[in-house]
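Below you will find one chain, with nothing else, as structure tokens; this is the form predicted alone, and questions on how it binds or moves follow later.
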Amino acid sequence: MKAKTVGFAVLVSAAQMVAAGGARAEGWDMPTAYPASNYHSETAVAFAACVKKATGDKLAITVHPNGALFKGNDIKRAVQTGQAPIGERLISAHANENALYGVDSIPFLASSFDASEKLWKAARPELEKLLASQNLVYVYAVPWPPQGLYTKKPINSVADLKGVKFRSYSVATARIAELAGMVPVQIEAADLSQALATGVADSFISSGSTGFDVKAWEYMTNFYTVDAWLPRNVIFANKDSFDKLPAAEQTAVKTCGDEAAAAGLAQAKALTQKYIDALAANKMAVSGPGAELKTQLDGFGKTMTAEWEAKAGSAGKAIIDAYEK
């Protein structure tokens, strides 16, 4: 681990006090969608502490986790319109605006951290241009662990999923529901626990991290490590607000963003097995998909990759070509 990443990491424990409701600093408010204890939120708070220190207290960013300031599906619009100067959002949730936003959630295309990094490197220039066209400045992104399938019963094939109420939060998850004959139900992360508790959803695809956050073992019996994709939370700033910052402060935001990306990636890797072990320790049946289910899911992946390329046009094709080189 590089020294600067270590330096960034030591800011976390002190910075967590801000997310937990410590004294509010004047400056930028940063809405996020996940609990304060989630590593994405911890990374955001440490990023804010880094910016504060790097700017000599001239720019203070206060993180508002768990949808407290804006709900997850409202964060991007809030930052675009200047209601918040910076925010964090699961970027694939906006693939309905532009297919490029869904590049990190094409099922079974990039199913490991290394593959995910390669895909993101190929896609990032186009995504930065797209964000800029919407009055947003890319700051950094952090992946989730590989996405697994949570169910209330054993699943041996896609036929076992037919009619199941499935949590949908993006174009990709809605399409998987359609292909598998499931019933998609739109549910944001902050509402997932309640949806599971009340039976609104009987299955979902998400990381071990989300399963741990919502105590999935209280509602689900099985977790299948299908490694569907590694979606990313992207942190972006309102371009008008960013452009008003002095050059030195802009540099501080970007530099701290680079450090946050490295620290968040390292944390995601470190926590992946820990979360899976926690699910198993709480009596969930954890396993890979059986041969029949895996073959069927891989077929969904091929179908959805072709569909994504068709929607994303020449820019999408160039990304896939660069990734597959």
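Start at 1 with the first residue shown and count on from there. Note that the structure is predicted; figures quoted are calculated from it, not measured.
What comes next is about the form predicted in complex with a small molecule, which does not appear here.
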| item | value |
| --- | --- |
| The single option of Val253, Leu90, Ile106, Ala201 touching the small molecule in the model of the complex, heavy atom within 4.5 Å | Leu90 |
| Of Thr210, Asn238, Ser116, Thr151, the one that lies within 4.5 Å of the small molecule in the model of the complex (heavy atoms) | Thr210 |
| Touches the small molecule in the model of the complex: Lys76 (any heavy atom, 4.5 Å) | no |
| Contact label in the model of the complex: Tyr169 to the small molecule, heavy atom within 4.5 Å | yes |
| Interface membership of Gly102, the small molecule in the model of the complex, 4.5 Å heavy atom rule | no |
| Contact label in the model of the complex: Trp144 to the small molecule, heavy atom within 4.5 Å | yes |
| All of Asn222, Tyr275 and Val286 with a heavy atom within 4.5 Å of the small molecule in the model of the complex | no |
| Region of this chain that lies against the small molecule in the model of the complex, out of 151-159, 238-246, 201-209, 129-137 [heavy atom, 4.5 Å] | 201-209 |
